[in-house]
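Given next, in C-alpha cells, is a single chain: the form predicted alone.
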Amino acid sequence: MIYRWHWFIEWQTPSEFHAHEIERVYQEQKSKYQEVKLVELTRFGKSLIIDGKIQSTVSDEFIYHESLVHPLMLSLRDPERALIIGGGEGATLREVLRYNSFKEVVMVDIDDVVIEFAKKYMAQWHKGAFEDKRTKLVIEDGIEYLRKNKDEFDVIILDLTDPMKDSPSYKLYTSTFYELVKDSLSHNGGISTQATSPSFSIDSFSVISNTIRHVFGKSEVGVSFVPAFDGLWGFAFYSPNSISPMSQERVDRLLEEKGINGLQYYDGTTHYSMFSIPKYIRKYLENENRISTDDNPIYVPA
C-alpha cells in the first residue's frame, strides 16, 4: 500500500489503481499474518483495509455480506449449525444469526487483531453478533481447525481475503481445502465463498468456481456490484438444492417465512439480478478446466 499525503492507493491489477482520500486513520497494525488498517475514506466512510485491499466499508458492506449469505441460506431447510471461516468484521456472522433455526454458529478467524479492530471500532458491522449466545468464536487457522474437526455443519461460509501470493488465504481456495470443507459438511449442507472479482480477475473467479465443481460435483455463481470494490464481485455456492433458478416470488416468500427482514440489498429482484450472469462470463466459466491445487494454486493479479 502507498500513502501520498492523505491518500490510500489500492491497486486492482498491476496496471490500474483507485486513489481514495483519507480523512482519518483510526488504527493501523501489522499482525503476525497481515497489515490491518481502519480508516475513514471521504466517499465510503469507515473502511477496513487488509494488505492494501479494501475488505469492506460502512457505506456498502451490506451488499457483499448479504450476497454471500442469503442465497445459500434460502436453499437449505432449517440448518442448525454453521461454520464461518474468516469474516473478522462480524458482518457475515450478523447475517447468519438472522436465522432462528441456528443453535450454534462457529466463527474461525486466524487473526485476533482483526477481531479486536471489529469489537473496538466496527459495531456498525457486527451489531452485537459476537455477544449472541449462539456464537462460538475461535482464533485459529481455518485449515488447522477443519483438520481437527469431528463435527458436521449444515452451512459453511468462507469469508476470506483474496488469494494473494504472499497471503495465507490462497491455501483456502484449493481442492485440498475444499475436501476438508466437504468432510465437515452434513449430508444436506451447503457452502458459499467469496470468489474474487470477474471484473479484475476473471481467471481466479472461474478457477474457484471450477474447483468447487470438481470437489462437490456442482457449483453455482452469482455476482453483485460493490461500489467500494470498483466492479462486479463474485460468489460461488454449493447446495444440494438449486439456488439460481429460485424465482423472485419464491425468494421473497422464503424471506418472509423465515422472518428475515431489514435487509438493504438482497430480495427476490436482487436474486434474479445476481444470477443473471453476463454472457461473456458464462462462456468463460463453461470453458474453464483448471483446478486450484496446493501445487498450482490460483492467485489474484498483484
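Please read these numbers as outputs of a predicted model, since none were measured by experiment. In case it trips you up, residue 1 is the first one in the sequence shown, and so on.
Just so you know, the form predicted together with S-adenosylmethionine (SAM) exists too; it's not on screen, but the next bit is about it.
Contact annotation: S-adenosylmethionine (SAM) lies within 4.5 Å of heavy atoms from the stretch 168-176 in the model of the complex, the single such stretch among 168-176, 126-134, 201-209, 147-155.
Interface residue remark: Tyr64 is counted as part of the site for S-adenosylmethionine (SAM) in the model of the complex, having a heavy atom within 4.5 Å. In the model of the complex, at least one heavy atom of Gly86 sits within 4.5 Å of S-adenosylmethionine (SAM). Among heavy atoms of Leu41, none comes within 4.5 Å of S-adenosylmethionine (SAM) in the model of the complex.
In the model of the complex, at least one heavy atom of Gly142 sits within 4.5 Å of a heavy atom of S-adenosylmethionine (SAM).
The contact with S-adenosylmethionine (SAM) in the model of the complex, taken as any heavy atom within 4.5 Å, belongs to Val108 out of Leu180, Val105, Met73, Val108. Just one of Leu48, Ile243, Leu255, Met274 comes within 4.5 Å of S-adenosylmethionine (SAM) in the model of the complex, counting any heavy atom, and that one is Leu48. Contact residues in stretch 28-46 (any heavy atom within 4.5 Å of S-adenosylmethionine (SAM), taken in the model of the complex) are limited to Gln34.
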